[in-house]
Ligand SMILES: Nc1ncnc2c1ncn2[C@@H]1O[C@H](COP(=O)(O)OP(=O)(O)OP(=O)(O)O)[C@@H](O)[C@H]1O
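Okay, here we've got a single chain as structure tokens, the form predicted on its own, with questions on binding and movement later.
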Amino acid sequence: MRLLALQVQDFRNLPQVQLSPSPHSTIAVGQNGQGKTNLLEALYFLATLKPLRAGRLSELVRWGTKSALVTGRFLLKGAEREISVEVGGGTRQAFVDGKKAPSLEEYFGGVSVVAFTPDDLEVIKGGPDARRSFLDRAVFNRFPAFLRESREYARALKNRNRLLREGHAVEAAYLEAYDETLAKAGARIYARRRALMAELAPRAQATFASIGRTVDPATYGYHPSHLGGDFATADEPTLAAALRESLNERLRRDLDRGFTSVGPHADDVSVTLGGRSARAYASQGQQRALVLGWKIAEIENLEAAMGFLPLLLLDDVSSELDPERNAYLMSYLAKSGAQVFLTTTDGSLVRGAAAEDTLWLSVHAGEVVARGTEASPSP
């Protein structure tokens, strides 16, 4: 998979961008607040239909304009394919080769992207929400249908919570109907997360062992809270039955509190170092190494599963890593053969990932200017 061309119009602070990226490294250099991350988010949004940072779609549209458009032309298995996403009026529309995409599966069609941001480096010491989002981004990359499946679960959860807020007067039959939908959709999310963790965790642990600077082994795990039975081997009907049982057991508590307290939306990812909570006991450097190990494992896992490397997006990560681990990451990127987009305020931090055909970009006040494949330009 390779991105051949990218067009961005009225996305965030970017009025108009047209690029022919390097097949290896494209590096955007500029000061903070100029639009480097917006360029990466446009590409991430194109490949996933999900914002990288924005809470609302309206935030993606440049101030004073009505809509934003991002278009990419990809080479996939020897054939060229164009996908586009337009945002306006709080909604998005996806297109394949100029026509409205008939389904999410048709839109994605093999396009895959892994993003790595400074926020990711804080995920270990953050709250469960951050770790769930971190996990689910990886699940989506591995199983694109997860976007549709997670939306189905979110709709059922929203409706059940609405009924719970009505209190004990709500009809039990209504709740039971949503419990059934929630249990089936939740079981699918459980299964997707479990499958991803089974593939990814051993790779992440092996990578951490080489960069963690400690003899303590790392472990990455996921087990739903308040779910009985053997999670590791249970099939989806069994998982659904277990979730229905948990929903029923906690119904009185949920009615009192007005929200659903059990399900995939309430789970956490466990990360330990030497058998102890990495959140509580790992140093900041070790926590970041744990995240770096996860991201490298995700890349390797996608290559093993799909037969090609995903597009890699790294947003000013080098400035947050210590020199040794940054050098490891840059060396890994250079050797991987993947197509990489990096942003930085200092080109010297990412020179290790550069190749002879690296495309250097200068970003200032929403203007993206290609500086060619010569030495890194000043921001």
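Numbering starts at 1 and follows the sequence shown. What you see is a predicted model; the values in this text were computed from it and never measured.
The same protein also exists as the form predicted together with the named molecule; that form is not shown, yet it is the one meant from here on.
Enquirer: Select, from the options 58-66, 42-50, 348-356, 329-337, the stretch whose residues sit within 4.5 angstroms of the named molecule in the model of the complex by heavy atom distance.
Expert: Correct option: 58-66.
Enquirer: Does the named molecule get within 4.5 angstroms of any non-hydrogen atom of Gly33 in the model of the complex?
Expert: Yes, contact at 4.5 Å.
Enquirer: Can you tell me if Asn13 lies within 4.5 angstroms of the named molecule in the model of the complex, counting non-hydrogen atoms only?
Expert: Flag for Asn13 set to yes.
Enquirer: Although the named molecule is absent from this view, report whether Thr37 comes within 4.5 Å of it in the model of the complex, heavy atoms only.
Expert: Yes - in the model of the complex, heavy atoms of Thr37 and the named molecule come within 4.5 Å of each other.
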